[in-house]
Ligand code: RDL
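Here you get one chain, nothing else, as structure tokens; it is the form predicted alone.
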């Protein structure tokens, strides 16, 4: 098993390091990491990890800014990531934290790390214990902030 991690220099925390650290806690899979400038570079980085490095799954980690233009760029990057998944028939887990999701720098730093680590666990489950992911279906899981829980009548 090979897990790819693609992160950016634009992010305000080392999301790639968080991902690698968390992945190593849960799997002995080989991990290959690449870093690119920003979120719009992630689709190609992820596709190359799958096609050239033979990764079974990739985490695409980024932190779009809080301006309207940044949201447009994040949307374009998301579309590219979806296209790369369809072209390679492999999962690319998009882990974006928008800068304006947090009230302040301390919360932003916490969220960047927490969301990354929780998605790293998801990646391991998807690869090694997909039945455990199925058990979580409909439970309102959230990565970063508190889980929403299932909807109730």
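Values in this document were obtained by computation on a predicted structure and should not be read as measured data. Residue numbers count along the first chain shown, from 1.
A second form of this protein, the form predicted together with the named molecule, is not displayed here; the remarks below concern that form.
**OP:** Report whether all of 4, 129 and 134 sit within 4.5 Å of the named molecule in the predicted complex, measuring from non-hydrogen atoms.
**Re:** No, the whole trio is out of contact, none within 4.5 Å by any heavy atom.
**OP:** Check each of 31, 93, 108, 50 and return the one that places a heavy atom within 4.5 angstroms of the named molecule in the predicted complex.
**Re:** Looking at 31, 93, 108, 50 one by one, just 93 meets the 4.5 Å heavy-atom criterion.
**OP:** Consider residue 63 of the chain shown here, and say whether it contacts the named molecule in the predicted complex, taking contact as heavy atoms within 4.5 Å.
**Re:** Contact check for residue 63: yes, within 4.5 Å of the named molecule in the predicted complex.
Original post:
Contact between residue 70 and the named molecule in the predicted complex at 4.5 Å, heavy atoms?
Top reply: Result yes; residue 70 sits at the interface with the named molecule in the predicted complex.
Original post:
Is there a heavy atom of residue 142 no more than 4.5 Å from a heavy atom of the named molecule in the predicted complex?
Top reply: So residue 142 counts as contacting the named molecule.
Original post:
Can any non-hydrogen atom of residue 26 be found within 4.5 angstroms of the named molecule in the predicted complex?
Top reply: No, residue 26 is distant from the partner.
Original post:
Along 111-129, which positions have a non-hydrogen atom within 4.5 Å of the named molecule in the predicted complex?
Top reply: 115, 119 sit within 4.5 Å of the partner.
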